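Given as structure tokens, the chain that follows is alone and in the form predicted on its own.
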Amino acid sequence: MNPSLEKQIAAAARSVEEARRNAYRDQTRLGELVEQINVLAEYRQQEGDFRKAESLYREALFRIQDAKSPDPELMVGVYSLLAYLYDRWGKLPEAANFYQKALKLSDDLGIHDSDKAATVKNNLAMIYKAMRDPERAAHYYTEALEEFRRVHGEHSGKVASVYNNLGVLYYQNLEVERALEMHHRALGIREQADGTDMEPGDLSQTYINLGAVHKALGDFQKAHECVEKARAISSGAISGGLPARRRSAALILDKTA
């Protein structure tokens, strides 16, 4: 194991132990335990030990369910984290199952965090796309797009990400004209973004995707221009340090043109 990662895991494990003790004495601090568990689980995934990460998230679920007053939002978050884990692990049916559980629990309990719901729907669409179910994938991408637009407006990095994902889906389904429209919409947003609302390399990826679409349409000159623009754009720095202390899965961006 990488010595640096080993030290990070050891430090994260100590933080989890302390958070366990605090949550045992005071159940209102259960959210802190979930955050620390997520940090350690992220490191476990970095070392390739998905089983240990799964065990940590299962512990988080048990702790939440065993509380006197279970926090439904925490439970929805852990369902999403488990789904995200299974996706990265390659266990797609399990990932879809937990994303569906997160959505159902949110609906049943009236949790109306549209941003989180939209993220789950985007990621669920990605799973169905990978499982060769384009109709379900398009359905959830469309719902995610509508919710992100309602919360953030049209000119949002998250809206651009879903346009991108729809473009990739349409391209793979040989709906090339529709793919072109989606990637142009993503491009229009990303060209005006200030950089704080996008992942590094998103604009470059948009040009790569457009290049693939123009090539499929037989416009090799435009395809070449897009590829050259992608090469000219800095992909940005690779982020490092601690994993994000989040309680739900991150928005997944489809990088495949």
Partner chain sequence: MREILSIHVGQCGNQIADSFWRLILKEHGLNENGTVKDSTVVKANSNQEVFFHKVREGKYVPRAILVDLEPGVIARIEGGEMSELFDEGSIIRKLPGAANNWARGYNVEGERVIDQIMNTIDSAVEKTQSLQGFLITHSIGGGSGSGLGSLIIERLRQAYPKKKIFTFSVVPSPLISDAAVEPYNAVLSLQKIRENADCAVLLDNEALFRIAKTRFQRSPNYMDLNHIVALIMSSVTASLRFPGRLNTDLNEYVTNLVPFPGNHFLTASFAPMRTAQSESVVRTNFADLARETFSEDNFTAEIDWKSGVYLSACALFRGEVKAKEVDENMAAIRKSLNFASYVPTGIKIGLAETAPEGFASSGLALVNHTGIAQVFERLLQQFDIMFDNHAYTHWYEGAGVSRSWMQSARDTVAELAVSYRDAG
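Positions refer to the first chain, counted from 1. All values derive from a computational prediction rather than experimental measurement. For the two forms, the rigid core is made up of the largest set of C-alpha atoms that agree within 1.5 Å on superposition.
If you look for the form predicted together with the partner chain, you will not find it shown, but the lines that follow are about it.
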Does any heavy atom of Q192 come within 4.5 Å of a heavy atom of the partner chain in the predicted complex? no
With heavy atoms only and a cut-off of 4.5 Å, decide whether Q46 touches the partner chain in the predicted complex. no
Is F220 near the partner chain? Define near as a heavy atom within 4.5 Å, in the predicted complex. no
Closest heavy atom of Q65 to the partner chain in the predicted complex, within 4.5 Å or not? yes
Of L56, V39, I208, L30, the only residue with a heavy atom within 4.5 Å of the partner chain in the predicted complex is L56
Testing 225-233, 184-192, 47-55, 211-219 against the partner chain in the predicted complex with a 4.5 Å heavy atom criterion leaves exactly one stretch, namely 47-55
Verify the C-alpha shift of G188 between the shown form and the other one: is it 2 Å or more after superposing the core? no
Is F62 displaced by at least 2 Å at its C-alpha between the shown form and the other one when the rigid core is overlaid? yes
Is it true that E47 shifts between the shown form and the other one by 2 Å or more at the Cα, once the core is aligned? yes
